[in-house]
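Okay, so here's just one chain, in structure tokens, the form predicted on its own.
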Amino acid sequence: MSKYVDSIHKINNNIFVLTPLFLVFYKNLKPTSKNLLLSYLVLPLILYKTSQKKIKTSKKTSSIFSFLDSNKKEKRENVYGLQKRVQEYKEITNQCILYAIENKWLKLEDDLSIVVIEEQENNMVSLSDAFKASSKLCNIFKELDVISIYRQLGVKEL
């Protein structure tokens, strides 16, 4: 049974399928120093249905503060277990970024910023909501530096 579960996990968390999510994210993100570190938040936020739904419906006027409004219970649910999810997706995030750099879709600059060289299209219909959320995640991250984003989301370590 464990082998079956491991196989399903590997199929669902495949770097060939998930790497284009990072390309869409970095295409819309304003280039800043050390934005590579934001990649560790992409999969935990956009593959978690509760936060995906909120990010997908975000607007250009949205911010991390509207995403995390602590007065409304449903908004606090956006980051429940985020620290644990960041740890779970850390390895696959590294693999996806490395895969994109090796294929010359992304370029890592000296200041740890990521630049999109070549875009990739979404070939997975089942991930269309995740692609839309990934393209709008920059709405949540705008106007703050990397450290402030991690602090606001309550992620204390990578």
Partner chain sequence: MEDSTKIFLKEEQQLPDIEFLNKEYFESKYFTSDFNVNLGHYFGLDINDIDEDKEVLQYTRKKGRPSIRNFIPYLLQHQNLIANKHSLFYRFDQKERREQTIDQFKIFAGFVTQEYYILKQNLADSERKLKKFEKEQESINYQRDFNARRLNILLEEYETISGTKLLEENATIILSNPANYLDKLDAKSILIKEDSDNSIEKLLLLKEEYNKLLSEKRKLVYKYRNIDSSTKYAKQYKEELANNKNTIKAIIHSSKCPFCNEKSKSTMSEANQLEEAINWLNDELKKSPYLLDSFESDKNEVKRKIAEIDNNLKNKKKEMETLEKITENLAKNKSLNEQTLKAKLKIENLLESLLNKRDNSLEKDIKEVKKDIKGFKTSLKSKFDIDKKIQETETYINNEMKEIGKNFYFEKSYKPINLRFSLDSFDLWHEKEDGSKVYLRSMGSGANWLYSHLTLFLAIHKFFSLRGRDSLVPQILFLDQPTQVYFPTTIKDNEDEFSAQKIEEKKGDVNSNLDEDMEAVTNIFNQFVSYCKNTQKETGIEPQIIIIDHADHLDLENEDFENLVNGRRWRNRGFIN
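Because the structure is a prediction, the values reported are computed rather than measured. Positions refer to the first chain, counted from 1.
The protein also exists as the form predicted together with the partner chain; that form is not presented, and the subsequent description refers to it.
The partner chain is not drawn, but in the predicted bound form it has a heavy atom within 4.5 Å of residue 94. Contact between residue 108 and the partner chain in the predicted bound form is found at the 4.5 Å heavy atom cutoff. Not displayed here, the partner chain is kept clear of residue 17 by more than 4.5 Å at the level of heavy atoms in the predicted bound form.
Residue contact check for residue 68: one or more of its heavy atoms lie within 4.5 Å of the partner chain in the predicted bound form.
For the options 127, 37, 29, 116, the residue carrying a heavy atom within 4.5 angstroms of the partner chain in the predicted bound form is 37.
For the partner chain in the predicted bound form, the listed stretch (129-137, 54-62, 37-45, 116-124) containing residues with heavy atoms inside 4.5 Å is 37-45.
Along 120-154, a non-hydrogen atom within 4.5 Å of the partner chain in the predicted bound form is carried by 146, 147, 150, 151, 152, 153, 154, in order along the sequence.
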